[in-house]
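Take a look at this single chain, the form predicted alone, given in structure tokens.
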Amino acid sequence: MSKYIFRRLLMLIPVVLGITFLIFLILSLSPGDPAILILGSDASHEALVAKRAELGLDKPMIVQYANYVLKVFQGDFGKSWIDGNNVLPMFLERVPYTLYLGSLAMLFAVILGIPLGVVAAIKQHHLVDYFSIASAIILFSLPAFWFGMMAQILFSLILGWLPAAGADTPRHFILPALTLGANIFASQIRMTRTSMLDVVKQDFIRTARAKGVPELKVITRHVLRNGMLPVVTQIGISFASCMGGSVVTEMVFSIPGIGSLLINAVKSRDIPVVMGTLIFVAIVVGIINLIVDIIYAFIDPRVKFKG
């Protein structure tokens, strides 16, 4: 397994390079001059030329990208074009907020979504099944910005139970976690229910019940274990999406995470900040996919890794 993990980690390098090159190309070809954005439209021609030379924009695009990658491998992610701060400290300051928010959202979605999906599959066509399906459809259809604002109005303005915005205490993350995890919660219910239904109808489940195996043991040792692979995949995909898809939630609740950092950097064409954020997201997604593959081997002994 160690060879497999090492090979997968090496495969992250071309993936990250491909993603960053594509984003770098798009940002470089997008309209607008970063020098004018930084200095203003009233800046002299000489000042604009000097600023472009300082930023390396006077070189061909491929040379700019190569210089950036070489600096990244040395641990230098550059400086923000807007405020001149180093990207890495700025990024590290915001990462804990996004990781904390994403972890809480996933915890809420997994702890409630998987059991409800299992019960819905076991009690198919019963009231709990209809309730879970209806809840999943409703939560999956609600836009995050609307759900977040409605939660602020209800729990903050009307009831006064929770703060509406900020990230000062753990209580500030409850509403954002519920908002971000609502869609994931719905996906977990649907995926778990579908996966478990496929297993429940198998012959070995009927055989176990016919032999008198207790129902709880049938569910935990046979149904869950054989139906968890798609669910684990969904968990990995959902957690990866939390890292790059929490932009709306962070903006609604004024959380200083990497989502709000990324959207502001894109608006101002702050390429070093955008690139640094995307590199982190790409690495996190790759590591999560690796962890999911490793978990497969513990859930299903038939999964083998080849070095």
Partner chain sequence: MVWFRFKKNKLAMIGLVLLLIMVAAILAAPLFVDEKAVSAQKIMNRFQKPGGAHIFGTDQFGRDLFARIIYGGRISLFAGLAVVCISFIVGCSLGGAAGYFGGLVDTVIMRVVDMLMAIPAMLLSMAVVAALGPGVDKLIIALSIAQIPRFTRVVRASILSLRNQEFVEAAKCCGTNSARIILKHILPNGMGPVIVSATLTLGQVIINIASLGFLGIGVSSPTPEWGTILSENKINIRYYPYLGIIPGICIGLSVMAVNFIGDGLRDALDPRTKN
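Residue numbers count along the first chain shown, from 1. Treat the numbers as computed from the prediction; the structure is a model and nothing was measured.
A second form of this protein, the form predicted together with the partner chain, is not displayed here; the remarks below concern that form.
Here is the short version: of P89, G84, G212, P143, the single residue with a heavy atom within 4.5 Å of the partner chain in the model of the complex is P143. None of R190, H172, H222, R94 but one reaches within 4.5 angstroms of the partner chain in the model of the complex through a heavy atom, and that residue is R190. No residue in the set L10, A182 and I295 has a non-hydrogen atom no more than 4.5 Å from the partner chain in the model of the complex. Within 4.5 Å of some heavy atom of the partner chain in the model of the complex lies at least one heavy atom of R269. Remark: I263 counts among the residues lining the partner chain in the model of the complex, judged by a heavy atom distance of 4.5 Å or less. In the model of the complex, T233 stays away from the partner chain, with no heavy atom inside 4.5 Å. For I153, a non-hydrogen atom is located within 4.5 Å of the partner chain in the model of the complex, even though that partner is not displayed. The stretch among 114 to 122, 71 to 79, 163 to 171, 134 to 142 whose residues place heavy atoms within 4.5 Å of the partner chain in the model of the complex is 134 to 142.
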